[in-house]
Structure formats: C-alpha cells, structure tokens
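Coming up is one lone chain in structure tokens, specifically the form predicted on its own.
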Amino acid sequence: MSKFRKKGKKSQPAVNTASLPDIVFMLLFFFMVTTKMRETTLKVINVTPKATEIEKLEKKSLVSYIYIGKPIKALQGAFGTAPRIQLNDAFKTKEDIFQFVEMERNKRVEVERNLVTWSLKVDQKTKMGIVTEVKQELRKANALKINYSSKKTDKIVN
C-alpha cells in the first residue's frame, strides 16, 4: 500500500491580476465620458440673486452666458474693483458684445442661430447701469432673447 503524505499548510493561489488593467481603463474611460468640464473660468465674483418665480431653461445647449461682476481678488490689482464684463474667458468692453454675439451665432447650425438665449449672470451687488448698457448692446446685435440667472428660494429675505 502506498503511504499518504500530508504536505504542511497549503497556500492559497495568488489572485489573478491579468484583468486589472482592463478594469482600470474601463473606469478611466467611464469618468472621461461622463465628467463635464467647466467651459469658462470665472474671473468675476458671481453670486446670483435669489428669486421665487423662476423657470428652467429648456435647452442648455442654446444658451450663451455673459458674466458681470467685480474681478476676483487675484485680478483686482490689474483690473480694479469696478464691475467688469466677462465674455467666455476674457474681460471685454460693451463694444465687444456685438462681435461676441456674431461669433456665438456662427458656432451654431443655421437653424439654431435665432434660438440662442443670452443669459446674464450678474453678481447681486452689481449696479444696474452696466447691465442696462449690456442689454442695449445686445439689442443692437439683434439678440433679443435675454434671461437673468438666479438661484431659487422659497421666500425673499431683504
């Protein structure tokens, strides 16, 4: 008869890591596809006012934003503390709005060009003078669909 030998403790087999790179790349691809990067870098302080009666915009792809407010602290040395207009990633003057409107319209398909909504994201402490000037320039550029961005609140607090 043969003898059966017991071999000490048997170790567990090592975990197969062959599929690990596939999993890592799959996760990386998932996050690259689902993450939305911020389109513009804010250079102005932008705390929008609160409102009770607001409506959501239907198609966010048809919205172009104009930011108005004081420059952020890092840029106040160069640009001062007066309210500024930010179009895309740069400070512009009211005279540049017509060109900005034309450029934004030309980015879109011809059918959507007249459907663009111009959303004004204005800091709550900004005076209405600069906002009125921007609206006048938008009228000159025939950009008549204007929206004011705000945050929703249940009741207005003075």
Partner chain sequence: MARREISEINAGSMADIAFLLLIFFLVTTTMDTDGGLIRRLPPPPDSEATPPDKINQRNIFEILVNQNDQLLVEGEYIQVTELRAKAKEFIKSNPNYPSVADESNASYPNMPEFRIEEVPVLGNVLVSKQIISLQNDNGTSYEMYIKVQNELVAAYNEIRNEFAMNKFGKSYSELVQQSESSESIAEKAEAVKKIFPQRISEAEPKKIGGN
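Only the largest set of C-alpha atoms that superpose within 1.5 Å between the two forms is called the rigid core. Note that the structure is a prediction, hence the values are computed from the model and not measured. Residue numbers count along the first chain shown, from 1.
Only in words, not in the display: the form predicted together with the partner chain, which the text now covers.
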May I ask you to check whether L27 falls inside a 4.5 Å heavy atom distance of the partner chain in the predicted bound form? yes
Examine K107 and determine whether its closest non-hydrogen atom to the partner chain in the predicted bound form is within 4.5 angstroms. no
If you check in the predicted bound form, is K127 within 4.5 Å of the partner chain, heavy atoms only? yes
Heavy atom to heavy atom, is K70 within 4.5 Å of the partner chain in the predicted bound form? no
May I ask you to choose, among Q99, T132, T93, S61, the residue with a heavy atom within 4.5 Å of the partner chain in the predicted bound form? T132
Pick out the residues of 38 to 67 whose heavy atoms come within 4.5 Å of the partner chain in the predicted bound form. R38, P49, K50, A51, T52, E53, I54, E55, K56, L57, K60, Y65
Core superposition between this form and the one not shown, C-alpha change of K36 at least 2 Å: yes
